[in-house]
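What follows is a single chain, given as structure tokens, in the form predicted on its own.
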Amino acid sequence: MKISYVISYEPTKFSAVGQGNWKEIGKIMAGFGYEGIELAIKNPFNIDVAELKSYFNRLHLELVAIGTGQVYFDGGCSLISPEIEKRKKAFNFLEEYIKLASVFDAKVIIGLIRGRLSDHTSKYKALILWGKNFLKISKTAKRAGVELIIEPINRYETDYFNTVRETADFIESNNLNNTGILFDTFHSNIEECSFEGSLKYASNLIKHVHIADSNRNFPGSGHIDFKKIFQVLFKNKYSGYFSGEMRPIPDLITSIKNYITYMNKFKINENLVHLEMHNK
């Protein structure tokens, strides 16, 4: 079980990530025993790659995935924006995210950057734009050896690819062998009929996991049964990261500490199937 946490590289209006001095936050995470950081980046052109690489090497941490949602959340740019310039900007940013990810062997997340169909007067035209632009950026990622991961997001934040099934069907119908699914427990708690059912349906496509409880705080503060989720994931031989993406409640350091403390309570047996809680 590999543990990471989502930190924003720049200030953002999005509240469910860690914010502040990301370099100092990373040092604190390393001290708690984290193995990786998921970095949410608003502008990939602002990144000093050499500095970032030195930083991660020094702390013995992995850059496991790059979040791209702030391009849309803070900047209004998406792959299906009605405005040509905003579509071009989102595409150019994704090309730069992919270049950065290739240096670190990190995944690139396709979440809010895909935009909303309701931004258009025609849902049909919006879907045509999505298919055209995503397939194009997928080819760019494949050439760079980078895996894209589409995140099913709840209906209140976007209006397509809300469920794992919908997302899996798109990936498989287009034979996208360098594209997987980011399974987010918070979004899935809203949209999925069954955690277990959705994970089984797309078992071969789950490549990254976001963890937050039903209230979008650290696990154990809401009503999600994480043990059942972990059991299904490991039965399906999931070996990727569990990345905490949650509101920093009551504060970021407490959230970071509570998250890894909760996750470390789970012990995986030899077959990576059954989980049990350590008695403390």
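Quick caveat, the model's predicted, so the values are computed rather than measured. Numbers follow the displayed sequence, beginning with 1.
Below, we turn to the form predicted in complex with a small molecule, even though it does not appear here.
Only one of 134 to 142, 120 to 128, 164 to 172, 184 to 192 lies within 4.5 Å of the small molecule in the predicted bound form by heavy atoms, and it is 184 to 192. Under a 4.5 angstroms non-hydrogen atom cutoff, the small molecule in the predicted bound form lacks Arg247 among its neighbouring residues.
Although the partner is absent here, Arg216 sits close enough that one of its heavy atoms falls within 4.5 Å of the small molecule in the predicted bound form. At the 4.5 Å threshold, heavy atoms of Ile153 reach the small molecule in the predicted bound form.
The shortest heavy atom separation between His210 and the small molecule in the predicted bound form is within 4.5 Å. Taken together, the three residues Phe14, Leu112 and Glu157 all come within 4.5 Å of the small molecule in the predicted bound form, as judged by their closest heavy atom.
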